[in-house]
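Single chain ahead, by itself, as structure tokens, in the form predicted alone.
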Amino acid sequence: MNDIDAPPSDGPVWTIVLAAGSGRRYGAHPKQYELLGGERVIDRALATCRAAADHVVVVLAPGEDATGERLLDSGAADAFVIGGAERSDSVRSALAVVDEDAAVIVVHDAARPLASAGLHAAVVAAVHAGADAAIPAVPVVDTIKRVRTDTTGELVVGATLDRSELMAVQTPQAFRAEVLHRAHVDATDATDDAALVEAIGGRVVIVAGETTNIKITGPDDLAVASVLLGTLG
């Protein structure tokens, strides 16, 4: 790791990269294998993770063992596993191959290829500083409304939420290793691992996210990411 970005040393940092999405919302091809600036989305994400962590585990979709072997051969990953039916199943599969001496475990979505090395370092440093988990987030700028279906079957507004109390959460998310393992014991699925840590009473801190750290869900997101990549230089 770069000496400038390196967190305090109390054990290895492992990063789990989730790349098992089927791409149902994206289209014909899984989004993680689309090209962004001449490089696949997954490869760009992995390069940043590789530079920021001691070890990297990649979670792939069923049938992608050959891809996993190529990642091992290239040095982009230390291990790969095949993902499960739900996101949390995939994380648990990866946790099974993380060494017991891991101090911090980072979970990152391969579909966020523009997350910076500095952001990875920031969440890890926050855990080393005492948090059970550290997650990046950005303020919500749109008005958010809670909706419901009324008796006519139409979607109507139920309430307008105070956006000063809301933030949009991103990955990478960093966790004290033993806390993340404990959070996944008998846990159900969740949209992010921080929710599981919250459920067991863990202390989850917020670090400043990056507006450029978008998640690629559809083709329009890839186009936006291409423009942002140009501005990041």
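If you're wondering where the values come from, they're calculated on a predicted model, not measured in any experiment. All residue numbers are counted from 1 along the displayed sequence.
If you look for the form predicted in complex with cytidine-5'-monophosphate (C5P), you will not find it shown, but the lines that follow are about it.
Student: With the distance limit set at 4.5 angstroms and only heavy atoms considered, check whether A19, A85 and A110 all reach cytidine-5'-monophosphate (C5P) in the model of the complex.
Tutor: Heavy-atom distance to cytidine-5'-monophosphate (C5P) in the model of the complex: all three under 4.5 Å.
Student: Examine Q32 and determine whether its closest non-hydrogen atom to cytidine-5'-monophosphate (C5P) in the model of the complex is within 4.5 angstroms.
Tutor: Yes - in the model of the complex, heavy atoms of Q32 and cytidine-5'-monophosphate (C5P) come within 4.5 Å of each other.
Student: Since the chain is shown here on its own, which stretch among 102-110, 145-153, 123-131, 70-78 would lie within 4.5 Å of cytidine-5'-monophosphate (C5P) in the model of the complex, judged by heavy atoms?
Tutor: This holds for exactly one stretch, 102-110.
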